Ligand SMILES: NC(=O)c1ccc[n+]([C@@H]2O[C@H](COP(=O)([O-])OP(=O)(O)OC[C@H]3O[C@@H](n4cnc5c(N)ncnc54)[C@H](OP(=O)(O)O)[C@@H]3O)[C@@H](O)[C@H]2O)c1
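One chain comes next, on its own, written as structure tokens: the form predicted on its own.
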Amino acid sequence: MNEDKNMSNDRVIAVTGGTGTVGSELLRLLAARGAKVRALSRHPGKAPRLPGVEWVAGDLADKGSLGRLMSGAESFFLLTGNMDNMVPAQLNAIDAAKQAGVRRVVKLSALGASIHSKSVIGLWHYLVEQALERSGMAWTLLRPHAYLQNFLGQVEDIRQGRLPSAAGDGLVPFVDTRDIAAVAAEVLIRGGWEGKKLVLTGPAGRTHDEVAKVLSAELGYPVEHRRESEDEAWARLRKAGVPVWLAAGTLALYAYWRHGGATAKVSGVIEQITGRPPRSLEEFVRDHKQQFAR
């Protein structure tokens, strides 16, 4: 890896969402490269201890804790989970970063973020993106495709030999969250992608039929793609306790995948920025074999 020429040990990187799938891997990568990091958590006592990482107690609704998080920071990584107050929470963070004099913000957004998105999540990300672009701070937007790690949320179904979806024959270049974190680390440490909207995908589009075949081959037990209608998918999601807005967003994604077009396209951005190809579906399953084990 090249020397981190744009890295200075006294420059603080502020991070939200540091205990999630992408954020925890990002903190690990930043710590390994000697970055000075300040991360926000509601329960900092339970957060992992990493060299160079300071935890600040608070959340995105608390402007006081956001001020402490941003104080003296040069860069800021903006990430929240999918939640119904995502827009005001992220706007709070952008305002706090601007008031603290943060120079640049890297936001984890979503593929297809647009005012025309049929998924409320895509629309919400677009609204935050617009506010960030108007903020006067330098910005970089990461727009990843569907996460491979989402299959871990279906582990109980998969152990029963079924992979339910309403994706039909849609090709989806699923991306590993570890690769998303690797891109974020490079952008935060090295800079050079200001004003860019970076689409992050895996190495190839895969149908859910293909995903089921890979799961079967790697796990040693049969898994079948259970093709659902939209009504069946809606009923499954709601029975699992998924909120109405998130279930509707999931159905919108299924529809986009079935339609194809832009959602099936593969991007080479991960390899361009990190210097190595993105992880494949097969690698992901092997790395998480224990979680899928019956």
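For every residue, the number given is its place in the sequence shown, counted from 1. All values reported here derive from a predicted model rather than from experimental measurement.
We do not show the form predicted together with the ligand, though everything after this point is about it.
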Can residue 238 be called a contact residue for the ligand in the predicted bound form at 4.5 Å between heavy atoms? no
Can you work out whether residue 211 and the ligand are in contact in the predicted bound form, taking contact to mean some heavy atom pair no more than 4.5 Å apart? no
Hey, in the predicted bound form, does residue 278 get a heavy atom within 4.5 angstroms of the ligand? no
Indicate whether the ligand has at least one heavy atom within 4.5 Å of a heavy atom of residue 152 in the predicted bound form. no
Choose one stretch from 202-210, 182-190, 217-225, 119-127: the one whose residues place a heavy atom within 4.5 angstroms of the ligand in the predicted bound form. 119-127
The single option of 270, 12, 285, 22 touching the ligand in the predicted bound form, heavy atom within 4.5 Å: 22
Counting any non-hydrogen atom inside 4.5 Å, which residue from 75, 80, 140, 165 sits next to the ligand in the predicted bound form? 80
Spell it out for me: taking the ligand in the predicted bound form, does every residue among 61, 108 and 144 have a heavy atom no farther than 4.5 Å from it? yes
Could you run down 205-219 and flag each residue that has a heavy atom within 4.5 Å of the ligand in the predicted bound form? none
